[in-house]
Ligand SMILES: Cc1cc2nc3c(=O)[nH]c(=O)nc-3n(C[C@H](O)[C@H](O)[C@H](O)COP(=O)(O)O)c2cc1C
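There is one chain below, alone, in structure tokens, taken in the form predicted on its own.
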């Protein structure tokens, strides 16, 4: 029988790792032992997967030249070159296609198939991040890999039916360059009980703007009063990655 933790003992090694998380882009020259990396990856493969379909694949990249090209494809993110290991978390429906062919069936591709495979990849990637940090490693997730999804897939020789949902730099952090944790939105803005309800959302956003501004000012980075909402709103002015839908469809996925 699983015991209920005491009210005064609500901390575990896992919650400690999660609460310490920051994105780290500066790494030492120390490599990541392959046994350690495989331990992390195989533990993470126990992550939830829809109906046990396991519609994801993981590509580990150590080759400096390939990382250099990936850095270019993601918009010049130099930390991809600097990290000892870059990991691509891929939505992968090729095994579903193979299974259907084995049994004389046809894989029906739709938005649900794409979502399931993308979520599977996201879940295992989050587990890799948490497991890696529990060993003292650090990293940063790279959504910019979707800037040029087809070119990235070709570089990693991904077959049709596989795309990179996001990447991850992983390495041993330079301790003196680990950033402070950013504040998050207030818990009552994000966590709802029974029904969705937020009072005075604009006021909550303005409060968070000031908290984030103070965080950046402590790092000698001066931003205006709208430290969070301003940059986020600006990013929404134009569609982000407007050709992503047609590109993913050309790679074997459906968003219908």
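All of these numbers come straight from a predicted model, not from anything done at the bench. Numbering follows the first chain given and starts at 1.
Unshown form predicted in complex with the named molecule; subsequent notes refer to it.
So which of 178, 100, 186, 140 reaches within 4.5 angstroms of the named molecule in the predicted bound form, heavy atom to heavy atom?
Only one option qualifies, and that one is 140.
Residues in which of 90-98, 106-114, 178-186, 155-163 have heavy atoms within 4.5 Å of the named molecule in the predicted bound form?
The contacting stretch here is 178-186.
How about residue 118: is it within 4.5 Å of the named molecule in the predicted bound form, going by heavy atoms?
No.
Residue 173: heavy atom within 4.5 Å of the named molecule in the predicted bound form?
Answer no; every heavy atom of residue 173 is more than 4.5 Å from the named molecule in the predicted bound form.
Could you tell me if residue 144 has a non-hydrogen atom within 4.5 Å of the named molecule in the predicted bound form?
Although the named molecule is absent here, residue 144 would touch it in the predicted bound form, with heavy atoms inside 4.5 Å.
Is residue 23 close enough to the named molecule in the predicted bound form to count, meaning some heavy atom within 4.5 Å?
Residue 23: yes, in contact with the named molecule in the predicted bound form.
What residues of 73-96, in sequence order, lie within 4.5 Å of the named molecule in the predicted bound form by heavy atom?
Heavy-atom contacts to the named molecule in the predicted bound form: 77, 79.
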